[in-house]
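Below you'll find only one chain, the form predicted on its own, shown as structure tokens.
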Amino acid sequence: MTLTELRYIVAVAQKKHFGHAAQACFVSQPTLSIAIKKLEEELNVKLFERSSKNEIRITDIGQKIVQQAQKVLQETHVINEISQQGKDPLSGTFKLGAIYTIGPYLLPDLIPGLRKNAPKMTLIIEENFTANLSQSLKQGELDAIIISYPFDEPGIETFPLYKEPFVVAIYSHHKWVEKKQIKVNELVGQDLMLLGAGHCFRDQVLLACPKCITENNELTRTLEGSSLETIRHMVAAGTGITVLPCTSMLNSQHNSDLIKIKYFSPPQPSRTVALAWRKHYPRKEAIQLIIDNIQQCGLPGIETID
């Protein structure tokens, strides 16, 4: 039994597909399949059931072994972290995750500061949904993640970074173009475009205006697989209106004269952006560096939390 074999079975359990698991592990599918078969023979158990449609089901005993394998791999990662702590905590690789609606607007300001203050630290960045980032963080595949509250996971510590208000983006010839502020309940009845399920920002908008989905279901467009940038282009085309985090408009390099920003009347809906990491993560200096540099970015429209 090797750590590589444990990584393979964890990948298959997560991807539910041998080919996709092989891609995630950067090996060929035959290499991964042979290794897993070898492990099954060594343990004398069947870990996965394979169907004719390439569907994968984890056996009951396989589920228990995969869970234990995840713990072993996480502890292995901790050993590597401890060894790194004995060196320079601001050197080596730091794997940072960020949700889709934060990364594009924060990273252009964050990365130059990190390069200046920690030139020996190699930064690897992953964008994903909150649930996927959380899983990768707990498994040691990421060192820290940038998310928004609410976020409460066992074994994970968080630090609030800044509060970010939401804004309304409308077409330059929309009937609201002369309005100074928008009331949240005015969104009801509008052709409102939202991100698809899985995006926490979508949930936060609907929390601020629940009637947008309950009373306006036919007009509210759920744009699966789209990004805030795609939705903003649709606003510029006159397709509808949307709600955005303020940094996506105020800190963008691609603002259009076809889009007008409108602020909400008080109390403004907003989100709190935070950094999350494992409680026993040993490179505390690296975590503090990330926190300090994010708060020093000077993002427009936000309120830094002391």
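Quick caveat, the model's predicted, so the values are computed rather than measured. Take the two forms, superpose them, and find the largest set of C-alpha atoms that agree within 1.5 Å; that set is the rigid core. A residue's number is simply how far along the shown sequence it sits, counting from 1.
Although not depicted, the form predicted together with the DNA is the subject of the following passage.
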**OP:** Would you check, heavy atoms only and a 4.5 Å threshold, whether T272 touches the DNA in the predicted complex?
**Re:** no
**OP:** Would you check, heavy atoms only and a 4.5 Å threshold, whether G19 touches the DNA in the predicted complex?
**Re:** yes
Original post:
in the predicted complex, does T31 have a heavy atom within 4.5 Å of the DNA?
Top reply: yes
Original post:
P108 near the DNA in the predicted complex, any heavy atom under 4.5 Å?
Top reply: no
Original post:
Of the listed stretches (34 to 42, 259 to 267, 61 to 69, 233 to 241), which one has a non-hydrogen atom within 4.5 Å of the DNA in the predicted complex?
Top reply: 34 to 42
**OP:** Scan G155, G189, P150, P210 and let me know which has any heavy atom within 4.5 Å of the DNA in the predicted complex.
**Re:** G155
Subject >> Threshold 2 Å Cα movement between the shown form and the other one for G298, core superposed >> reply: no
Subject >> After fitting the core, A13 CA displacement of 2 Å or more between the shown form and the other one >> reply: yes
